[in-house]
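Starting off, we have a lone chain in the form predicted on its own, written out as structure tokens.
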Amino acid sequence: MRIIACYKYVLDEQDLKINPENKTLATDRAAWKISDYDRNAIEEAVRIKEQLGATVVALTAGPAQAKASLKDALARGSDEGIFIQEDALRGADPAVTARILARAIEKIGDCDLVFCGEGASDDYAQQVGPRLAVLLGWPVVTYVNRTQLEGSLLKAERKLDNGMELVEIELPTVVTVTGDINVPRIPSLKQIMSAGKKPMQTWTLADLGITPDQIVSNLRNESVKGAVVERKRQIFKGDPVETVSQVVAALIKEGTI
């Protein structure tokens, strides 16, 4: 069995700062990481490998700097890493990303299962997994928080707004996972050191038969600004009953309640 774990390399949101003058995001000191839900996708693929035996391929696409993520993905238990390098993919919309990943998966071939995070940590569009399935001609199961594989049958539990749904689906299929499905492992020093010895490949768009005009995004990001909460910093003191009344009155005045 071959399992592909797709992931995105994103800025660590904990490192982002907001410029007070214009509320733009300061990213110059922000580190990069594998998107949070995509770590869950990699972990679930590796978990199945350890239980049933499989080969896990970590797959990503992006500008040159994203290549550094391969070692992290391999340290997390993946057996191979494939990176599609193209600087024009910086900020690519989900349609373009899905098209490139689909071509890569077709090139890899002989794949039974594809895992994606339910959404990326940066834009959280939640579109790549479903779009990828359509392009591959495979079924898709989204918002999965538990999987069980029995032969060619995948049993999945989906976490929905109004309850849980149990589904069974024949492979091959695309699965998008939630953050509840597992706890991604923290690679040990030994795993990090051995990751550099695992096979890593870098492909170009030409290797996938894709021309530059096929990766033109229809979505254009005009600007990104941080949300700043202006706090009144009001302090209420005195009798607890009177204080509660004052707090409620203040909230009503602000339109909060």
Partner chain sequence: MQKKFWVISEQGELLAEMINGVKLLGSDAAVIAAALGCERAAKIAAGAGAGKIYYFKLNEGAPVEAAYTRLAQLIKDEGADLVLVAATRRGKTLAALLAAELDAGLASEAKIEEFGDGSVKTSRFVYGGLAISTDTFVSGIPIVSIPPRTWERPALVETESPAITEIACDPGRVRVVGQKSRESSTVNLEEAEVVVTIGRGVKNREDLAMFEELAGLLGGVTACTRPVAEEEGYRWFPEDSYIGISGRAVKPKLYISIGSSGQIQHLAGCRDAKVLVGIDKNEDAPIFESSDYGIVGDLYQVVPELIKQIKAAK
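Values in this document were obtained by computation on a predicted structure and should not be read as measured data. Each form is matched to the other, and the largest set of C-alpha atoms that superpose within 1.5 Å is called the rigid core. Numbering follows the first chain given and starts at 1.
Beyond what is shown, the protein has a form predicted together with its partner chain; the following relates to that form.
Enquirer: Could you check which residue among M193, A64, V224, A206 gets a heavy atom within 4.5 Å of its partner chain in the predicted bound form?
Expert: Comparing distances to its partner chain in the predicted bound form, the residue within 4.5 Å is V224.
Enquirer: Out of the stretches listed (43-51, 193-201, 65-73, 210-218), which one is close to its partner chain in the predicted bound form, meaning heavy atoms within 4.5 Å?
Expert: Only one stretch qualifies here: 210-218.
Enquirer: Could you confirm whether G109 comes within 4.5 Å of its partner chain in the predicted bound form, counting heavy atoms only?
Expert: No, no contact at 4.5 Å.
Enquirer: Is E86 near its partner chain? Define near as a heavy atom within 4.5 Å, in the predicted bound form.
Expert: Taking the distances in the predicted bound form, the answer for E86 is no, it never comes within 4.5 Å of its partner chain.
Enquirer: My question is simply whether I186 lines the interface with its partner chain in the predicted bound form - judged by any non-hydrogen atom within 4.5 Å.
Expert: Heavy-atom contact with its partner chain at 4.5 Å: absent for I186.
Enquirer: Evaluate P20 for contact with its partner chain in the predicted bound form, applying a 4.5 angstroms cut-off between non-hydrogen atoms, and reply yes or no.
Expert: So P20 does not count as contacting its partner chain.
Enquirer: Can you list, in sequence order, the residues from 20-49 that come within 4.5 Å of its partner chain in the predicted bound form, counting heavy atoms only?
Expert: Read in sequence order, the residues that approach its partner chain (within 4.5 Å, in the predicted bound form) are L25, Y37.
Enquirer: Taking the rigid core as reference, does T204 move its C-alpha 2 Å or further between the shown form and the other one?
Expert: For T204, whose C-alpha is compared between the shown form and the other one after core superposition, the shift is less than 2 Å.
Enquirer: Superposed on the rigid core, does the Cα of N221 end up 2 angstroms or more away between the shown form and the other one?
Expert: N221: C-alpha displaced by 2 Å or more between the shown form and the other one.
Enquirer: Superpose on the rigid core, then tell me if the C-alpha of I18 is displaced by 2 angstroms or more between the shown form and the other one.
Expert: It does shift by 2 Å or more.
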